[in-house]
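Just one chain is shown here, as structure tokens, and it is the form predicted on its own.
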Amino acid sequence: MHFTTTEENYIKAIYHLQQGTGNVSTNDLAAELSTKPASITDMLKKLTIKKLLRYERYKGVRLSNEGEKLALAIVRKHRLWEYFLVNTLEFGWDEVHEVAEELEHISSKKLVEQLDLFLGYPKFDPHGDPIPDSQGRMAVQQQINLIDLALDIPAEVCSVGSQSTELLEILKHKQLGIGTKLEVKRKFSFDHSIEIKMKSLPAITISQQLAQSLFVKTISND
């Protein structure tokens, strides 16, 4: 079955929203997609008829098994294209989201499988988000929030909590990215900022807000 770009955007938005809240309300979806609730209701009816959604009166919607499969296929394409754009075409990781939003709607299954093969079956995209495989399975990463990392423990940045341009811009400015190795050297109780040390760079202080947007995994000190 073929789906329109708008239908796919709805399915992906519901997928992301239901990770946090379970059932998704019309208002949540309207805010996420910047669309009037009346238009949302019409589209939800269409998607329910196509058996992509389960609707419960007064409780909102959630994806059916078929809807979940479609959502994972779209997320898979989006994250593979982001990986390709950053690692092959050398886009900045802060430049790829909007391009991948367009490329994720290409329907050729063969192209996606060949892209995955060409890239060597990557498990995570440039922002550290897991890439679903062809069966919709995703690797799980053991990670903690940077703000919770104990002092002097070697760690590596493995994902970011948001892909906003503002966040990616400040990370670039501070030379922080996926794979950056660091240690927390001090924690300041006054404003909960932290001092971090990266190899061969002077120690820097980052805000609590920035630290909470970064996730790290501990590594052995080599």
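Treat the numbers as computed from the prediction; the structure is a model and nothing was measured. Don't overthink the numbering: it's just position in the shown sequence, from 1. So that the term is clear: the rigid core is the largest set of C-alpha atoms that superpose within 1.5 Å between two forms.
As for the form predicted in complex with the DNA, it is not shown, yet the points below apply to it.
Heavy atoms of residue 158 never reach within 4.5 Å of the DNA in the predicted bound form, leaving it off the interface. Looking at residue 55, you'd find a heavy atom of it within 4.5 angstroms of the DNA in the predicted bound form.
In the predicted bound form, at least one heavy atom of residue 42 sits within 4.5 Å of a heavy atom of the DNA. The DNA in the predicted bound form is not approached by residue 189, whose heavy atoms all lie more than 4.5 angstroms from it.
In summary, the region of this chain contacting the DNA in the predicted bound form, judged by heavy atoms within 4.5 Å and restricted to 168 to 176, 24 to 32, 63 to 71, 150 to 158, corresponds to 24 to 32. Residue 42: CA moves less than 2 Å between the shown form and the other one after rigid-core fitting.
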